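Only one chain is given next, in structure tokens, and it is the form predicted alone.
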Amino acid sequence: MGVYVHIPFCAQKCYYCDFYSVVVSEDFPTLAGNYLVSLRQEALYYRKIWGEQPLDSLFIGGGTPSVIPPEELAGLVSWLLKELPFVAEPEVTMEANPHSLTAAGVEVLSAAGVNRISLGVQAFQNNLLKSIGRIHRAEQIGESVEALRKAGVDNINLDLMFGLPGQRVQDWLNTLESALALEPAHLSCYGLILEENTPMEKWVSEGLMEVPNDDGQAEMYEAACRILKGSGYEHYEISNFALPGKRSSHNLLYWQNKPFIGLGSGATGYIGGNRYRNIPDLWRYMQSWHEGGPLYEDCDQVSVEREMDETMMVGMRLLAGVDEASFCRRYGISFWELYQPAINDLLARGLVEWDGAKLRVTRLGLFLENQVSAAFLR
């Protein structure tokens, strides 16, 4: 079980992003300081509810956490590790962008307990980075990785994206080659999704920008699977690849549908059967904690039936699949009893396979994952 902390600040909003964040301005130092106080208040509130269940992972995401001065961010990490019931050596991940990461900053964060960094790389071609609103340059990626290793942080993930506007298959192959040359412990490869109300979705819908079609994206995804597996990376989740022993412990919580604490404006959490999302409004969020309590955009009690559906849906993203015995121990019933017609249909279409113990996606199912997941939503 783990903790997610949302840092909703960015130097510039990427054109494809629909995560809640605000662009930093002149009052940022004061705003960031007040926000960190609210995060501490929220953590203490959930500490009482959570109890003594041990926490295995801490994930600082955004936004761009690395825009906050490293000393202040390190102070938050140290405080959380002390005040919440973390195990002795938790996985502590922080998202960062190459342009806002310094060698001195990394050393401060590493000393505070950050032992894993997820770098928002996306591409190694400056023209593609510019087209999606990224403000770092390709040459800064290697510099950031070198600074991380000098600070003793070897557990590095690189986030990459395919299906970008103007991206050719050869560009994607070059990105994979450049990423592998840096020898990261983990790689996440995501296809571009045109989210509603983002600048990029608007430009594409108006014909001002072109993105690769479904076949083009499928070709890029297949290349990633082939090349990364051939380079010694374990393909363990639809979009994620890891060297042996370097899977993301925190993200596995989501794919196994386990409880977690969510802190920050716009963050989601799942505690005591309640799934909540904090108000995605920085000022209202801080005001709510000034007054002593949470302010949710939504908060639902998840029924056992819905949790079982969700467990199957997210579990099928894992290439290991969903283990029937584990499902039975958790819910007291076999997933065959609940979903047999849906499973039989997926088997007939060649999207999943059953080995007598686990149900998992096939190679074809990887490319049609949305259809696989949707089959378990009753």
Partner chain sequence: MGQRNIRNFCIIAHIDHGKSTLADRILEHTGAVSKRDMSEQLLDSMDLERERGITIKLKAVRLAYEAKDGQEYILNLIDTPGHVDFSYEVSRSLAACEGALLVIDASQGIEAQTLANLYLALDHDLEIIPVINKIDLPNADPERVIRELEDNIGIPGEDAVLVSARTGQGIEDILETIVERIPPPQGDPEAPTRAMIFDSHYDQYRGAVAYARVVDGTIKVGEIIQMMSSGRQFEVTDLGVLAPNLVRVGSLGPGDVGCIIASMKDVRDTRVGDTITVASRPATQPLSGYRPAKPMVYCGLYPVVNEEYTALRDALDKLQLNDAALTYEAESSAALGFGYRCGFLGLLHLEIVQERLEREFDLNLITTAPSVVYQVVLTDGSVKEVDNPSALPPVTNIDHIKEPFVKASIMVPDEFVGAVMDVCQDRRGIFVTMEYITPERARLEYELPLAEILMDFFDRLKSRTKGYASLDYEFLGYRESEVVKLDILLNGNPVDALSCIVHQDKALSRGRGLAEKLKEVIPRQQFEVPIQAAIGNKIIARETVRALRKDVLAKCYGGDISRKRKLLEKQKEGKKRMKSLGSVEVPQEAFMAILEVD
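Positions refer to the first chain, counted from 1. As the structure is a prediction and not an experimental result, all values here were calculated from the model.
There is another form of this protein, the form predicted in complex with the partner chain, and it is not shown here; the text below is about that form.
Undergrad: Given that the partner chain is left out here, which of 219, 201, 154, 143 has a heavy atom within 4.5 Å of it in the predicted bound form?
TA: If I apply the 4.5 Å criterion carefully, the residue I get is 219.
Undergrad: Name the residue from 47, 40, 330, 349 that puts a heavy atom within 4.5 Å of the partner chain in the predicted bound form.
TA: Of the listed residues, the single hit is 349.
Undergrad: Mind checking whether each of 254, 260 and 310 has a heavy atom within 4.5 Å of the partner chain in the predicted bound form?
TA: Yes: each residue has a heavy atom within 4.5 Å of the partner.
Undergrad: Is residue 89 a contact residue for the partner chain in the predicted bound form, using a 4.5 Å heavy atom cut-off?
TA: Although the partner chain is absent here, residue 89 would stay clear of it in the predicted bound form, with no heavy atoms inside 4.5 Å.
Undergrad: Does residue 239 make contact with the partner chain in the predicted bound form, using a 4.5 Å heavy atom cut-off?
TA: Judged by the heavy-atom cut-off of 4.5 Å, residue 239 is in contact with the partner chain in the predicted bound form.
Undergrad: Within 4.5 Å, heavy atoms only: does residue 78 come near the partner chain in the predicted bound form?
TA: Because no heavy atom of residue 78 falls inside 4.5 Å of the partner chain in the predicted bound form, the answer is no.
Undergrad: Flag residue 183 as yes or no: does it have a non-hydrogen atom within 4.5 angstroms of any non-hydrogen atom of the partner chain in the predicted bound form?
TA: Close contact is absent here: in the predicted bound form, residue 183 is far from the partner chain, nothing within 4.5 Å, heavy atoms only.
Undergrad: Looking at heavy atoms inside 4.5 Å, which stretch does the partner chain contact in the predicted bound form, given the options 169-177, 224-232, 203-211, 268-276?
TA: In short, 268-276.
Undergrad: If you apply a 4.5 angstroms heavy atom cut-off, which residues in 355-372 are near the partner chain in the predicted bound form?
TA: Residues within 4.5 Å: 364, 366, 367, 368, 369, 370, 371.
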